[in-house]
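To begin, one chain is listed below as structure tokens, in the form predicted on its own.
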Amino acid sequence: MTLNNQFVDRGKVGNTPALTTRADETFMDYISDMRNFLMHAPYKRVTELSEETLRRTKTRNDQWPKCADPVRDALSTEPEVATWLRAKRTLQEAYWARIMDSYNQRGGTLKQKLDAADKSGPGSVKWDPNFPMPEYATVDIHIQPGGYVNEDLGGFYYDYGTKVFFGGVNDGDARHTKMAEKTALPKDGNVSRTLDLGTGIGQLPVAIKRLFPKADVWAIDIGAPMVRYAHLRAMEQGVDVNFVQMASEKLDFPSGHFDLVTAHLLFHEIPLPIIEATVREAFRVLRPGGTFVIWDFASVDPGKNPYAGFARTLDAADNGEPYSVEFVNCNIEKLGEQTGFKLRYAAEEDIARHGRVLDKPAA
């Protein structure tokens, strides 16, 4: 007799649902260890060889995306670099395949949990099966099959996938907890309503709600699979956050409504016109004296390590992030100031520590 969907719930790893079998977990531990090794041990050597190769071949980091193939072709002539790039990509492909296969074995049960959570609290979720999805949002970000919008279990996949991607440093949402603690507040200290843009699986707003239990905390994402799973995840932790499927460039909130708006790793995943519209919308929905905090990639500095620009080009091409090159070259600080914000920190080390902190003038 064949039993369908009959698997023991193996609980959670921190706040992340465990994979279906012990063998799946063991395989993912191996993948995570290999990625950690690849990201650190050979990096200095790979950087030096890459810079030397790019100088020797006179390869330019020119207009995106035309430059991606020439950069890759040049670096593939250096065997150590080519092997490193291939291994990194292969490990990422392997972990998505195993994660999806593992969760899909009990996909019926997981979908039932999402359906039940839609109608339960604490917190709430609102999504639309007929949401008009813009084309820019349909890419397979991080080469996650289906991206954020096309797989019902996409939130589950993303949760475990980023656990591996962060190499264990975010287990138990530790990274997001620290980020919430470091998030700059309005100068008057009033935090009654907050909004997180591009929330993914809702780790940052949950951490903010824990810091400000009396605040009305909202979070939006363009992907229904993400907000549905984010709500389930927050609900299982007993945290009251409101999740809505919504595009960051067209917020359905009143003007002057929020004290604090945050965005973690959103901007490098949206194209430049959407970046510009999102900054304008953040300004609109903040009250006078409110604060917008952006946690994302550092901007490119042409006077620094030239390999950094090439690395971003290849990461954009190989990691399913077609908009990241635009973002790191767009000078988000200047864009915020042109919108009407005041930049609280200008020094590079302060921005690295606090994120981009943009204050809406109080008057």
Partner chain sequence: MLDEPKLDYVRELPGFERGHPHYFKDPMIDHLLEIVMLLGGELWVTRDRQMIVEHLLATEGKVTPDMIERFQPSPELRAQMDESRKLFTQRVFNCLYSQHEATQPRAFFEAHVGKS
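A quick note: this is a predicted structure, and the numbers were derived from the prediction, not measured. Positions refer to the first chain, counted from 1.
From this point on, the text means the form predicted in complex with the partner chain, which you will not see here.
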Exactly one of Ala180, Val227, Ile274, Val293 has a non-hydrogen atom within 4.5 Å of the partner chain in the predicted complex; which residue is it? Ile274
Is Pro79 one of the residues lying within 4.5 Å of the partner chain in the predicted complex, judged by heavy atom distances? yes
Any non-hydrogen atom of Glu333 within 4.5 angstroms of the partner chain in the predicted complex: no
Since only the chain is shown here, I'm wondering whether Glu337 would be in contact with the partner chain in the predicted complex (any heavy atom pair within 4.5 Å). no
Classify Lys342 as contacting or not contacting the partner chain in the predicted complex by the rule of any non-hydrogen atom within 4.5 angstroms, answering yes or no. no
Does the trio Tyr103, Glu151 and Trp218 actually contact the partner chain in the predicted complex, every residue with a heavy atom within 4.5 Å? no
Taking the partner as it appears in the predicted complex, which of 69-77, 120-128, 151-159, 235-243 has residues with heavy atoms within 4.5 Å of the partner chain? 69-77
Enumerate the residues of 82-103 that have a non-hydrogen atom within 4.5 Å of the partner chain in the predicted complex, in sequence order, or give none. Ala82, Thr83, Trp84, Leu85, Arg86, Ala87, Arg89, Thr90, Leu91, Glu93, Ala94, Arg98
